[in-house]
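Shown next as C-alpha cells: one chain only, the form predicted on its own.
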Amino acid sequence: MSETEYDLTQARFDYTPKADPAEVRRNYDYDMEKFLTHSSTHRISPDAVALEAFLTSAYHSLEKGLTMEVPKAGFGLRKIRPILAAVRELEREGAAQFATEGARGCMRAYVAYHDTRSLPIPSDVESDLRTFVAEMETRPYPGGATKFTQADIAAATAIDYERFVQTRCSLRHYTGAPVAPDTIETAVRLAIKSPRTCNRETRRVRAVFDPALRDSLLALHSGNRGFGHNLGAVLVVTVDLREFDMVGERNQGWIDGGLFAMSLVYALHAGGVGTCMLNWSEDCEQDKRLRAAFDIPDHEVVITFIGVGQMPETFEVAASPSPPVDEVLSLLQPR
C-alpha cells in the first residue's frame, strides 16, 4: 500500500478502544455514583472520616488567617464553634488523631495570636474557646503557624533541581532485587507534604512487595509488560471520597491524587530507586475486577499504580523530548 492510500484516520481509530456515547455515560455514572454515595455533597456522611475532613478544612482556614501579614481580630468567627464541637465529638467516639490534635493546636495559637497583639476575641465564643484551650494545659499540639526565613529556604533548596528533575525518568529496566519497605515509608512521608485541598488528608497508598501478589495485581494492568516481573514493589495510589463535600470537588480526587503521586515518584527518585507510573485509565468494568480481587474500599477511587524497583548500573530510557516552553506557557488574555 502506498503512503497516499494509507488510511491514517482508520489507524487512529483502531489504535485505542473506542466507546459509544452510552458507554461513556455509563462510566461517568459509575464515578458519579461513588462520589454521591461517599462524599457529603448530597447529604452529610455520618462517617468519622468525613467529620475529620470537615474539621481539618475548618481549622485550616483559621491557620491561614494566622499567617496573614495584617493582624485582624476575630477572623474566622463562624468556624470556631463547629471546630470545638467536632473535636469533642471525635474524641467522644474515640476517633481522635492528627485532625483533632491539629485543631487543638490551632485553637491554642488562635488565642495566643489575639492575646499577644492585644486583640479582642469575640465575646460570644471567648469563654468556650478559652476553656477549651485551658484544658490542654502544657501538652504540645501541632497546628497554627510555623515560621521560616529566607535563609531557611535558601539552605534547603541549594541543589541542582533541574538536573534532579531531568534524571527522573520512567524506568522499564530493573534488577529484580527487592525494595525495602523503609524506602517506601520514607517516600510516602515526604509525599504527604504535597498540596491537598484544605489540608484534608484524602490520599492513600497500598504497597505490594510479595512477588506472587505483585504479579496478580499487575495481571490487571497491561502497561507493565516486559518489566513488571522485575519490580521490587508496586504502589496503588487512591483517594478517599468521604473527605469531599462540595460539587465543585467532583474531580478534586484526581487532582490531589495526581499531585501526591508525582511527589511520591520524586521522593522515590531521591531515595535512589527507579519508578514507572502505571496509569489506571481503565473502564468501570476493569475497576470492578480490581476491587473484586483486592481489598480497595468502594469509597476510594484509584488514581494510579506506581512500579518501583532497583536500577541496574546502566540502562536506557525513552528520550521523550519535551516541547519548548512557549508551547506550554502563555499569558492569559481577556476575551
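The first residue of the sequence shown is number 1, and the count goes up from there. If you're wondering where the values come from, they're calculated on a predicted model, not measured in any experiment.
The discussion below concerns the form predicted together with a small molecule, not included here.
Residue contact check for residue 74: none of its heavy atoms lie within 4.5 Å of the small molecule in the model of the complex. Using a 4.5 angstroms limit between non-hydrogen atoms, residue 223 touches the small molecule in the model of the complex. Within 4.5 Å of some heavy atom of the small molecule in the model of the complex lies at least one heavy atom of residue 168. The shortest heavy atom separation between residue 277 and the small molecule in the model of the complex is within 4.5 Å. Only one segment in the set 246 to 254, 215 to 223, 106 to 114, 89 to 97 has residues whose heavy atoms sit within 4.5 Å of the small molecule in the model of the complex; it is 215 to 223. Here the marked residues 16, 27 and 289 all miss the small molecule in the model of the complex; none has a heavy atom within 4.5 angstroms. This chain appears without its partner; in the model of the complex, the one residue of 304, 40, 57, 310 with a heavy atom within 4.5 Å of the small molecule is 304. With the partner removed from view, the residue among 204, 79, 196, 172 that has a non-hydrogen atom within 4.5 Å of the small molecule in the model of the complex turns out to be 172.
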